[in-house]
Structure formats: C-alpha cells, structure tokens
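Just the one chain here, laid out as structure tokens, in the form predicted on its own.
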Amino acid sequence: MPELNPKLDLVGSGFAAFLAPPSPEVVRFTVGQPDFDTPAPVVDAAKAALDRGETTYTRPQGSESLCRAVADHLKKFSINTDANDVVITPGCKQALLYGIMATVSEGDEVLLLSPAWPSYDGIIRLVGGVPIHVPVKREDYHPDLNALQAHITPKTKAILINSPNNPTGAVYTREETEAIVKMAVEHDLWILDDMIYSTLVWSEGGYTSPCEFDGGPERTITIGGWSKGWAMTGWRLGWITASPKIIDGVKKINVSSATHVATFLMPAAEVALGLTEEIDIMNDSFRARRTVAHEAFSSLPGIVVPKPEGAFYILCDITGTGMDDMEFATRALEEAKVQVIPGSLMQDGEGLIRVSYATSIENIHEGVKRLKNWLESRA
C-alpha cells in the first residue's frame, strides 16, 4: 500500500483524550465553549435564510454584506480593513490554517508563546513549518519578551499570538503587543493574531491588536470568529483579514478547499455581530464566574492560581500537591469525579492543569468541593 503523508506522524491529538464526555456524575472543567444557547435572533436568521432558499453557491469569500459587517466590527479594535480583504471561513481553525498556508513554507519557523493551544503546533507541522515554543513567564503567563527575541533565527518566519489566551487566560498589555510588533518589524516577520477571545476580557486593559502600532497593519494576519463570544461553536464560522497581498493568497486557498461557508449561515452571522444585550448577558456571567472560580481554586491545598484576565480558562500550578499534572488529572477523574486538562499535553505545560469555567457557578462550587475533599484526604 502507498505510504501516508509522513507529516501526520508529527501531529498530536491535543486535548482529545480528556475531552471525551465522562459519566454523568462527573463535573467537567474541560470543554472550552460557552454553556449558553446561540442567541435566538441568530438562529431565527438562519431559519429565515433557509426559508428564502439561500442554499446555493454564493460569493466564495463570503457575502458582501457579511464581509462589511466583519470589517465594521474590527474597527472597534482599531483594525482598519477593507471588506474586500475579509474572507469568511469554516471556523477560526480553518482561518488559522489558511493564514499559515499563505505565509509559511517548508522549514520556516513559527514562534509560539507556550504553553499554547495544541492546534497551533499541529497546523504549523502539517504545512511543513517548524513550531518553536517559547515559554511564557510562569507567574502571570505573560510573554517573556527577552526569551522571544532570543529564539528568533534566520529561519523564523512568523510569530503567532493569542490574547486573551487559551489556555492561560492572560491578556497581553499594549506595551507587550507593541514590543512584539517592533520585534516583527526588526526581523521582517509575519504576525498571526488569533483574536477569537477578544470580546471576553475581564482585566482593565482590553484586547490590543498589533495593527495599532507602526509596522503592524501590513504584516499582521488577524483571525477570529463567532464560536466563543457569540456561543456559536458548532456553527463553524470564522474570519481572516490582512493586507491585499496576503488575502489574495488566502482567497486562492479558500476557493481550492472550501469554496465558501454554508450560504444560509451568512445572514445569521451578520445578525450576531449586531447583538449587544445578549452578548452583555453572557459576558457578565463569565466575568462573575471568573471571580468565583479564581477564589475557589485558590483555596485548594498545594495549588497556585494566577488570576485570569480574559477568555474562560484558569491555568493552575499543581506542583505543590506532589503529583505531576497527568497523575493529578487522571486521579481527579477517577477519585474525585472531576475532569480537567493536564498541561503536559502542551509543550511547557508540565505541572499545570487547564480549567474551563464556562460552566455554572453551582458546578464550579461542587467541583472544587470534590477536589478539596480529595486533596485533603491524601494528606
């Protein structure tokens, strides 16, 4: 039989082993998706589009009105892009793939702030690139700018950033983002900016786009989508925007692979971008849960919990328990009936566990109570 693509052997399965639904009595802190229903106006818009018969081929990059809506939305974050330079994709992950395919060649190095969401590593490897993991500062999970500078080589092609961050919950400061842009300008690098959590910020400083700084707009590829901020994970809708030179390449990739996202979803995505009340309700809930979750997990013996600044994740240091993260996660599931993600599934995540607080406050209290009883019973 013919051989498979050898690059597949380099790609891991991420969190898959710890995302499988456990038995009903288990409290899950693993799934990174809002526990809200998609807002009703969005669902209604998709139904109406189906009733109108919007089920045929359409403009490959996305309808003109949706691309304009995305461009208008991005202006709120000082990202001034033309609607013709927006491509709607089948999810944010596909947008990331397009951006990396358009800019990274065989052997090119891409810097990741680590621990990083596992799909970044996999996507880079699939296109023949080399992911270079640069550890963040352990005390707050913010970029170690000196380390980032030290990892730049003649093979470095891009820096991939994600703020607010999955898995750390860190939100990079304006000064940190500006420093990354200056680094990219100095070494002539692309910046891939995954802004999927940009509407979910709980710290005083909001999300900062690299496009706000000199040299940023022409080298930044901005990637986002509807999954997290609008409770639309299963809709698989994302966007990518950049300079015309990059987007011309992205359009070729999109036409050759997906053609376009489902036609009847486009009006619904446009409606979503216009919502305020429904989004504010979700954000207020996550902001409250962040406080509850941080205080609760900080009370556990042997666990250190930097305060998360955005998204809906906490990255806990569990080295004080005397267990490694894999043992902790396995035993927590078996003995405490609590499911978490072990950090060693990500490079530089050893000794950490990722917790998603995109669940009810009742679940947060119950899960932490179980963990506390379990940890204290081991003493």
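Residue numbers run from 1 along the displayed sequence. Quick caveat: nothing in here was measured; it's all calculated off a predicted structure.
One more form of this protein should be noted, the form predicted in complex with a small molecule, which is absent from this view; the next part is about it.
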Original post:
If you check in the predicted bound form, is Ile191 within 4.5 Å of the small molecule, heavy atoms only?
Top reply: no
Original post:
Do Arg219 and the small molecule share at least one heavy atom pair within 4.5 Å in the predicted bound form?
Top reply: no
Subject >> Ser227 within 4.5 Å of the small molecule in the predicted bound form, heavy atoms >> reply: yes
Original post:
Would Gly91 count as a contact of the small molecule in the predicted bound form, using a 4.5 angstroms cut-off between non-hydrogen atoms?
Top reply: yes
Original post:
Just one of Ile180, Leu265, Ile247, Ile196 has a heavy atom within 4.5 angstroms of the small molecule in the predicted bound form, so which one?
Top reply: Ile196
**OP:** State the residue from Leu96, Ile159, Val87, Leu200 whose non-hydrogen atoms include one within 4.5 Å of the small molecule in the predicted bound form.
**Re:** Leu96
**OP:** Given that the partner is absent here, state which listed stretch (160-168, 105-113, 253-261, 74-82) has heavy atoms within 4.5 Å of the small molecule in the predicted bound form.
**Re:** 160-168
